[in-house]
Ligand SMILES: C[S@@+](CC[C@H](N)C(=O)[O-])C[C@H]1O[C@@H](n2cnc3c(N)ncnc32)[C@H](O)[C@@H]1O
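Take a look at this one chain, the form predicted alone, written out in structure tokens.
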Amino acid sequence: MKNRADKFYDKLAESYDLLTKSGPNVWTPPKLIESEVFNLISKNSKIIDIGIGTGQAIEKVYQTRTFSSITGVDISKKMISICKEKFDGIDLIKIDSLSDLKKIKNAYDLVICSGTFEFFENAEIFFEQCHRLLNKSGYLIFTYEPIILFHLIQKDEISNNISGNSEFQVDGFFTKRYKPSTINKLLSSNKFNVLKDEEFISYKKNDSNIIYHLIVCKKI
């Protein structure tokens, strides 16, 4: 089942920064990712952001120029277009699926992925490609949405994201959640050592706190 996140984010692109940066439902993953990035990078660091969107997770890194290069990857043509307007001199790549990451031949010191993992159809491909893309002893920082028993929204492994009465409604756009034990097994089997696993509130949905995990890990 193909996830139509590309159609959703094409619709949302023009309003994305306004809707997610302020108000009661502020979107927190980019700031947490950003904080971890600053702990690991130098002016020689090559960074790739998978699911870069409008570039929220690399905004301050870009402003301080604490990097050698930044590559951004996304499935939404409109999100990439907005990101290009905001950040001059970073390499932006439009992909249609995770499999397209195989076409990227450069090596990086850091892979980041903020608020995107839950839309991937195949987590195994993601971790395989992250390991391939990283230099020796490189780092992966990402967030994911866990399954939480008895949670009003997060109790299901897969659920539709947007109701039919929303202007951003897209058929076939869904969230996929994982047990933490499943993520840990995937990381181990793909030769990553977990350095940090932190639970946090990512945003509010229908008065419910949506819980995410922030993972920092190192290529073995």
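Remember, it's a predicted structure, so these values are computed and weren't measured experimentally. Residue numbers here begin at 1 and follow the sequence given.
Although not depicted, the form predicted in complex with the named molecule is the subject of the following passage.
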### Query
90, 95, 147, 82: which sits within 4.5 Å of the named molecule in the predicted complex by any heavy atom?
95
### Query
Would residue 47 show up as a contact with the named molecule in the predicted complex if we use heavy atoms at 4.5 Å?
no
#### Entry: Contact flag, residue 154 vs the named molecule in the predicted complex, heavy atom cut 4.5 Å
no
### Query
Using 4.5 Å between non-hydrogen atoms, is residue 115 touching the named molecule in the predicted complex?
yes
### Task
Would you please decide whether residue 16 lies within 4.5 angstroms of the named molecule in the predicted complex, comparing each non-hydrogen atom pair?
yes
#### Entry: in the predicted complex, residues of 119-150 near the named molecule [heavy atom within 4.5 Å]
119, 120
